[in-house]
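First, one chain by itself: the form predicted alone, in C-alpha cells.
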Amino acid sequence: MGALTLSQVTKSFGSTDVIKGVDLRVEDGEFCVFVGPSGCGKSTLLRMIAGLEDVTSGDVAIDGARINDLAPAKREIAMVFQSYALYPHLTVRDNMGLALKQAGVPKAEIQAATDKAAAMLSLAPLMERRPAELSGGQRQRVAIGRAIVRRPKLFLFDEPLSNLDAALRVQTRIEIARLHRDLGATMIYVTHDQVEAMTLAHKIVVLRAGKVEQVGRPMDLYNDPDNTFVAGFIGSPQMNFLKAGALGLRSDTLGIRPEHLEI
C-alpha cells in the first residue's frame, strides 16, 4: 500500500510562501505527474513528501499515517534524482544494495534483491562496473534499481530524464512505464516535459505559483481545462486563444465556454 494524502500543505522560506495550501490525494498504485512552469514549486513539493524539506504547516500522510515528523529514511519512500547521486567508488551492485546493507539486511538477501532489480532493468552485465564506466542512461537505470531494491511504499522521481538525450529519454520513459506496470507501485513524477506527463500519468497535477490549478487524467485536462492557464500549458504545441471581444463576437455564438476565453 502507498496512498498519499496532502492536507493544506504549505512551505515558506522566511517571508516567501512557496507552497500555498496544497490538497491532494494519490491513490495506491497510481502514477501521478507534477507539471508546471519553472519556479512553480513542484520539486519543492516532492522534497517535502520525501522529508528533504520541512513542512511549514499542514499534513503529509501515507496510508493514513501522518509522516511530517518522520526522518526521510523512515518514510518507506525511495527517490530518484535528476543527478543520479551514485557513489563513484562503488560498483553498480554495491550502489544498488547500499541502503539494504546499511539497514543490516543479510548479504544473501541483498544479492537476491539486486539481481532481481538488475534483471528488470537489463543491468545484469554491468553489475561489477563503476558509474564512470556507464552511459547516462545506464546510470539512471542504476539509480532506479537502487530505489526498487528498497521495496518502498512510494517512488518519487525528480525530473529523472532531463540529463538524457532525446533517444534515451524515449527509451527510459518506456522502461519506467513498464516498471510501474510490473511493480504496481505508487509513483510521483516531476517533469517539465509535456510528452512525459501525457504518456506516463494516470493523474496530472498542474501547479502554478505554489497552488494546484487542476488535477485530472491527461485527456481530461487536455479536453476540458478549468482555466486559460491550464489550457495554454497542457499540450504541445500550446493551445491558441481566440479573443472574442476583439472580433466583436459573443462567446456563446462560438460554442466555447466563457471561462476558456481571454476577453
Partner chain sequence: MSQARHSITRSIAAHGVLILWTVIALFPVFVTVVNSFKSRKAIFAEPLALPGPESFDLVGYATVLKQGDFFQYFLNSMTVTVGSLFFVLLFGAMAAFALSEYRFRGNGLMGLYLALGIMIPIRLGTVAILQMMVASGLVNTLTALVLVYTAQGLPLAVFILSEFMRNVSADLKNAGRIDGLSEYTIFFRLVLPLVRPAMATVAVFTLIPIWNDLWFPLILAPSEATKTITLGSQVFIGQFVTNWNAVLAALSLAIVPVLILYLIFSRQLIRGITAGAVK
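Residue numbers count along the first chain shown, from 1. Bear in mind the structure is a predicted one, so any value in this text is a computation, not a measurement.
The discussion below concerns the form predicted in complex with the partner chain, not included here.
Proximity to the partner chain in the predicted bound form, defined as a heavy atom within 4.5 Å, singles out one entry of Ala185, Ala113, Leu98, Leu168, which is Leu98. For the options Met198, Val212, Ala61, Leu52, the residue carrying a heavy atom within 4.5 angstroms of the partner chain in the predicted bound form is Leu52. For the chain shown alone, Ala124 is not a contact residue for the partner chain in the predicted bound form, no non-hydrogen atom being within 4.5 angstroms. In the predicted bound form, the partner chain lies farther than 4.5 Å from every heavy atom of Gly136. Among residues of the shown chain, Pro88 is one whose heavy atoms approach the partner chain to within 4.5 Å in the predicted bound form. The partner chain is not shown here, and in the predicted bound form it never comes within 4.5 Å of any heavy atom of Lys153. In short, of 168 to 176, 188 to 196, 113 to 121, 74 to 82 it is 74 to 82 that has heavy atoms within 4.5 Å of the partner chain in the predicted bound form. At a distance of at most 4.5 angstroms from the partner chain in the predicted bound form, all three residues Phe13, Arg47 and Gln102 contribute at least one non-hydrogen atom.
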